[in-house]
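The chain below stands alone and is given in structure tokens; this is the form predicted alone.
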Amino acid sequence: MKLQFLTGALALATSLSVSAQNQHVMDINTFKAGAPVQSTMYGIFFEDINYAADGGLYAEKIKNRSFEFPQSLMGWRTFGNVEVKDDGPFENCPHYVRLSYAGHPHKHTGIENEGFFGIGIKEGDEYRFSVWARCPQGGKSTIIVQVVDNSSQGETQEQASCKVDIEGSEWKKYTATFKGIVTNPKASLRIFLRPNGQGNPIVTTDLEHVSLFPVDTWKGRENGMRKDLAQALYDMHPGVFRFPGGCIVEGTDLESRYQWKNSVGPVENRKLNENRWHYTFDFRFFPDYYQSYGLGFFEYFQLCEDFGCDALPVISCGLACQFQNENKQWGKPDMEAHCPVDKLQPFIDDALDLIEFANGDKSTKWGKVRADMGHPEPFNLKFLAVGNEQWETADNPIFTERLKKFSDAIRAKYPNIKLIGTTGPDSEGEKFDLLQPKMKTLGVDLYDEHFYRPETWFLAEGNRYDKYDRKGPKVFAGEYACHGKGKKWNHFEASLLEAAFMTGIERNADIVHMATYAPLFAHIDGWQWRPDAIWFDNLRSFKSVSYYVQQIYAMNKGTNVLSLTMNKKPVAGNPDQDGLFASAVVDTKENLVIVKIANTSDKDQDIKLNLNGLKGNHSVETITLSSSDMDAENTLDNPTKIVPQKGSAKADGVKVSVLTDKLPAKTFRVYKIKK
């Protein structure tokens, strides 16, 4: 078959060829569509690590807005006459500040917030300030709200401002909007107490839940998400959204575990939670890292609707983080850290109530909570994961005995919910080998595998899922990423190997039903874990190459697997395959054959695709990810250094279609052949 190029990237124009020597011949059977590719196959996993929620996706710009941190004024500077009180209007957030006369007309009372590594504002953008306030002894007062640059060399530190008049002794919510005068990623928010009108005295004023949002949030919601970050998630075209963690579901102790009921209802009354990531690494330590729960389960479900994907909440099984609660001397768990099995009922009730919150009629207790929040229709929850990275020993089944209790209760009341277990923190070894068969015995619908592994692992595991039991539960690759040995960042080679490994996920779509890269987000100034899919500062963001790998797969997942072999074997980086990994799918809706090939070797590879079953003329579109520098990565200052490049070609066929190509070294390429 003659292949003639029409348009496209330079890299492809120089690589497509009519004939080649030493070709790697891949046979693709387009006659027979194989296993369906699940709509949930490629998704996203959100955990509040690296300031992913507060300071990240959640668009609130004020840190410790309700003064509920254990150090009540953490994130704030005070001046003049300021007191912290604890008899406020919200049961779960009782603290507030009282501002009073400083004692002299030329002295000032007020507070100033540092935000999350600063407060980012853009010139011309609108911002909504809000506060709950009162004058406890009655009367009227005024607060002046300013966005300031404390290091400004200008005549004034002020970069934007608004005025709020407060009246009466009852708590009320006040709002005001203003526009940014300049662009500044590292501003602060300052509030001055002022008299209400010239010549009037300063009146004591109480402030609670001090908040600042951009007006232009994702979908324009008042308690909204940062628009560029939510858009990046939407653009991934996820099929499933796993939330809210991860290790935060477990907590360092049960008290600090994520409790979904604290994350719903009026945002002003959501109870603060201690984030277990703020003290996990003393070499990257953030003692001011808490969860406001402003981004809560209602907002997570809402995002799933926005993205058109299934929700996959993860709940605590009554085990605190086992990493942090193990007797290192004896290698045994500290059982006092965990909920005893005979006292699990409140945890099980939380799981059942969550399903009611998501799916229950508005006449039910938790369905009404959802309806009162503005969503009378059910969210149509289908999946629920119990536990995160739990493990156990043969003589102490601390996870599976708990999982069975959850399973029995959930199956009895909600038999249509698909239950997800776990095989622990490892992709192989003693813990994995013990738990994997137990997932089949317990009858879970899927089990969750995690693997953060080096390059050698990803190169060696191309056949991983070819060997799995087809009669057991389905697989959810819930957390994974290639962690380069000695270079743990978002370098290109790691992303290439992830793309290669994912051909095995796709080829085994009959057993693998979900896969989500992790972690999802990282703040440039506040990360604790890398690599990550999306990086950001207070105003900008960029997508890593790993993000683009996930996006390519999600946007080209097809509807069914096609058989693709080389010398009658899967192309999975085997010793005789010269570093090639490949998979193929058909999209019956779009009438497309989609072939994905990763060349992980240091040499260009000649390939030949026998598209058995295709007849007539076919157009070929390509998507290519490639870099000559294996350590290269995208950055805030160069966000498009490595991005997918599109190309196209035209092929003629009569009985058997053949496509030949010289695939460059260290390249991932997708071929989209229009039938």
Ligand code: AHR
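Residues carry their position along the shown sequence, with the first being 1. As the structure is a prediction and not an experimental result, all values here were calculated from the model.
Although it is not shown, the form predicted together with alpha-L-arabinofuranose is what the next lines describe.
**Q** Given that alpha-L-arabinofuranose is not shown alongside this chain, does residue 47 nevertheless sit within 4.5 Å of it in the predicted complex, heavy atom to heavy atom?
**A** Judged by the heavy-atom cut-off of 4.5 Å, residue 47 is in contact with alpha-L-arabinofuranose in the predicted complex.
**Q** Would you classify residue 347 as touching alpha-L-arabinofuranose in the predicted complex, given a 4.5 Å non-hydrogen atom cut-off?
**A** No.
**Q** Using a 4.5 angstroms cut-off on non-hydrogen atoms, would residue 237 count as touching alpha-L-arabinofuranose in the predicted complex?
**A** No, residue 237 stays farther than 4.5 Å from alpha-L-arabinofuranose in the predicted complex.
**Q** Looking at the partner-bound form in the predicted complex, is residue 224 within 4.5 Å of alpha-L-arabinofuranose by any heavy atom?
**A** Close contact is absent here: in the predicted complex, residue 224 is far from alpha-L-arabinofuranose, nothing within 4.5 Å, heavy atoms only.
**Q** Would you kindly say which of 521, 297, 277, 241 lies with a heavy atom within 4.5 Å of alpha-L-arabinofuranose in the predicted complex?
**A** It is 277 that has a heavy atom within 4.5 Å of the partner.
**Q** Please pick, from 516, 388, 583, 495, the one residue with any non-hydrogen atom lying within 4.5 angstroms of alpha-L-arabinofuranose in the predicted complex.
**A** Only one listed residue qualifies here, and that residue is 388.
**Q** Looking at heavy atoms inside 4.5 Å, which stretch does alpha-L-arabinofuranose contact in the predicted complex, given the options 597 to 605, 133 to 141, 73 to 81, 444 to 452?
**A** That would be 444 to 452.
**Q** Using a 4.5 Å cut-off on heavy atoms, what residues in 278 to 316 are near alpha-L-arabinofuranose in the predicted complex?
**A** None of them.
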